[in-house]
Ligand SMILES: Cc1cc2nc3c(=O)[nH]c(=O)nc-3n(C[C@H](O)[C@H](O)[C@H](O)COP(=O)(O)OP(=O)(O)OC[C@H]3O[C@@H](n4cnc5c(N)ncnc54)[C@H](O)[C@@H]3O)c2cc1C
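One chain comes next, on its own, written out as structure tokens in the form predicted on its own.
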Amino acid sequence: MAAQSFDVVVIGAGPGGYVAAIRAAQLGLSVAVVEREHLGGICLNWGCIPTKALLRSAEVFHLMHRAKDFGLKAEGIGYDLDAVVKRSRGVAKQLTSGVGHLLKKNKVTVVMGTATIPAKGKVSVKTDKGTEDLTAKHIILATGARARELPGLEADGDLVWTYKHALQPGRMPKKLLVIGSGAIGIEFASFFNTLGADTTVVEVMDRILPVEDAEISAFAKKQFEKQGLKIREKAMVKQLDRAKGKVTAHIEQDGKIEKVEFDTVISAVGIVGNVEGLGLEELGVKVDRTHVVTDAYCRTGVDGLYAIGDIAGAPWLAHKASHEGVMVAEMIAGQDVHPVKPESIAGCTYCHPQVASVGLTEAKAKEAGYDIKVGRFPFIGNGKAIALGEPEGMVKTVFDAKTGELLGAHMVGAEVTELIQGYVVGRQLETTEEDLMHTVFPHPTLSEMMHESVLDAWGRAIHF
């Protein structure tokens, strides 16, 4: 069969790949996307979306227990884990079929199979029916990443789970160990802890949520511990002894090893890029610690070959992948584009309380040599937060004292994953403290705390 020819071939149909394909098609290019598993990738099928559906169930469950606080009555509160999981899978399915529809609507050719790049401008796809050959002047790598497996801590799906097993649990853990306290680890810890699992989180760094501002991490830790979550920092799981129905974890902390028994372990110790089997070495693509090395425009250094999203390195976020996909598609179509700046990308964690941030932490701003002003505002000083029954939280802003540039914003509390975008837009527009102070925020809203935090950096907060 003769090779099919396209302007662009995208490998991987996650939030980077499918968005790149749609944007390229909108710009009049002929596009094919190759996907070996599910349209929508990890994000829609096994990541961002189904986890949010689970966490929403946990949040409602948590609120039901607090009915009395709101003058309401709820008795015989319980949950059906299978039904919770079924809802989450239904949400994921609805969105994946939506991606299929969007690709079709934009006349993108979808090839299901495993791709390799035998030579520059060529893609060979192993499908159910045999091999399909595609040629294209431009190839976009969007193959994503998978869970990192540490030797001796490998998942078996029974006692030791990855995020995939945790999203479709066959049983409710009674005593759970979560290894790693990044976004994935803390979200699962939050979910199972809320549903009643006796949960311990082990983090090798000196604090949980290590990429967040230290003050935010400390605040979140206090809240988690109030909810009964056990947290061990500067600790390491050295080995797991598996027996029938139980795992004994050897946890090293302060130079001592303690053996603790659990019935379930979730490993969330980071990710590795899907770089194998593509033929990258032969093409001369530089790979550093399982990630493809690119310039600011996602170019790999091999003519006509680009890498976007998780495979191109941190931050490992769906919205970064999508934005890079759009940028590369527009660049291929000859448009004027701006590189994606990692420091302008917000990170959101949907534990309870939520955590969200953008830009530099206080420590990083000082490290970078800035003379800074820092503002803070607590949820307890906000009318809407109190009316919602969510008085625990805080907004923190970091400014350049000389220019008034907003260097970073960090939040913990109810709905902060929705609030953070205000500061993201502010940074994109190169706003200063003065612009933010002159902005009128609607009342009563949680967003007023964003205003007050800015005012506080200059000693002008009203309600605190």
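So that there is no doubt, residue numbering starts at 1 and follows the sequence shown. This is a predicted model, so every value here is computed, not measured.
There is another form of this protein, the form predicted in complex with the named molecule, and it is not shown here; the text below is about that form.
- Within this chain, F191 is remote from the site of the named molecule in the predicted complex, having no heavy atom within 4.5 Å.
- When contacts are judged by a 4.5 Å heavy atom cut-off, T294 does not count as touching the named molecule in the predicted complex.
- The named molecule is not drawn, but in the predicted complex it has a heavy atom within 4.5 Å of L278.
- Using a 4.5 angstroms threshold between heavy atoms, A145 counts as touching the named molecule in the predicted complex.
- Contact annotation: of the candidates F379, F262, W316, F219, the single residue with a non-hydrogen atom within 4.5 angstroms of the named molecule in the predicted complex is W316.
- Contact annotation: of the candidates L407, I42, L54, V31, the single residue with a non-hydrogen atom within 4.5 angstroms of the named molecule in the predicted complex is I42.
- With the named molecule left out of view, the stretch that reaches within 4.5 Å of it through heavy atoms in the predicted complex is, among 20 to 28, 452 to 460, 438 to 446, 6 to 14, 6 to 14.
- Counting a residue when any of its non-hydrogen atoms is within 4.5 Å of the named molecule in the predicted complex, the hits in 114 to 131 run T114, A115.
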